[in-house]
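A single chain comes next, written as structure tokens; it is the form predicted on its own.
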């Protein structure tokens, strides 16, 4: 029972993979499809890793989908104006970082509930995105070299998968192996106690929100690179799925605590379910229903396991 409680989500992922591999061995159970799944989950997982930072604090950032859309539209608009790739990427990431810092400042300094602050600020970002794009899809002037960042391969591995691997390693080390990460967990455990022992609570919260938004901005850049275009609502599907991945991950490895490895498992479950159901020809509305049921079941299993301790 202890083993199941600690690694139940991993067992669930293995079971889901086995079911789809048996149901469609020639389409699902192939190396090429496994590589495809890692590419499909890459952007979602990057956004979810950012959300993990904020969830460690016991907070939410509901502006991540708006930042994804803003980053994509801003990049496309800058490319249309002839701005070089390096400057575009730096400018978009810096703007995303600044947006997250504003949200974090509102939450940390003025104690505005993160749900309200980020929802309101996300609405502002969404309006700015529509203003930049005039509500239209932008696709002109996006360089081929930039598009390779979202759809190219290196030694057979999709570039987005490599982006995810790099982000996952960096932020796993940041949360688990640095003083900053330990402070975030301490703040999430008891903010007032962390403040009383002298931890820089406000600064660390601002940094966490800023990094969360920066990762959403990176996902927006990669999404535009993958599609070769940007839409003002292009990031709309990432908010709920990103937090679903985090919540699923909270049932793995560490009981009730967000972690980067757990979030990766959660994102993998979502990607595998979506991929497998698509291969089996299941309609999209049923995919949403089944994905939601899996998330609910994972949370229920975690709570039942806790009560039995």
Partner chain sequence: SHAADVAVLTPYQSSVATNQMITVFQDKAKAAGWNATVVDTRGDMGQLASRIEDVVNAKVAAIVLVSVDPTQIQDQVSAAAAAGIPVVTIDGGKAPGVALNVTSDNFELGTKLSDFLFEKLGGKGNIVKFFHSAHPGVHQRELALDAALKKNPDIKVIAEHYVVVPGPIDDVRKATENLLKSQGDQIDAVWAAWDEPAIGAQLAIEADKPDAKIIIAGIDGNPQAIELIKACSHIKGTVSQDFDAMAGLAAEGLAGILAGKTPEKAEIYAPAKLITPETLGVTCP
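Being a predicted model, the structure only gives us computed values, none of them experimental. We call the rigid core whatever largest set of C-alpha positions still superposes within 1.5 Å between the two forms. Residue numbers count along the first chain shown, from 1.
Although it is not shown, the form predicted together with its partner chain is what the next lines describe.
Only one of 208-216, 75-83, 126-134, 90-98 places residue heavy atoms within 4.5 angstroms of its partner chain in the predicted bound form, namely 126-134. Interface residue remark: residue 227 is counted as part of the site for its partner chain in the predicted bound form, having a heavy atom within 4.5 Å. The closest heavy atom approach of residue 33 to its partner chain in the predicted bound form falls within 4.5 Å. Although the partner is absent here, residue 237 sits close enough that one of its heavy atoms falls within 4.5 Å of its partner chain in the predicted bound form. Taking the partner from the other structure, its partner chain in the predicted bound form has no heavy atom within 4.5 Å of any heavy atom of residue 259. Of all the residues from 231-252, those having a non-hydrogen atom no more than 4.5 Å from its partner chain in the predicted bound form are 231, 232, 234, 237, 241.
Relative to the superposed core, residue 284 shifts its CA atom by 2 Å or more between the shown form and the other one.
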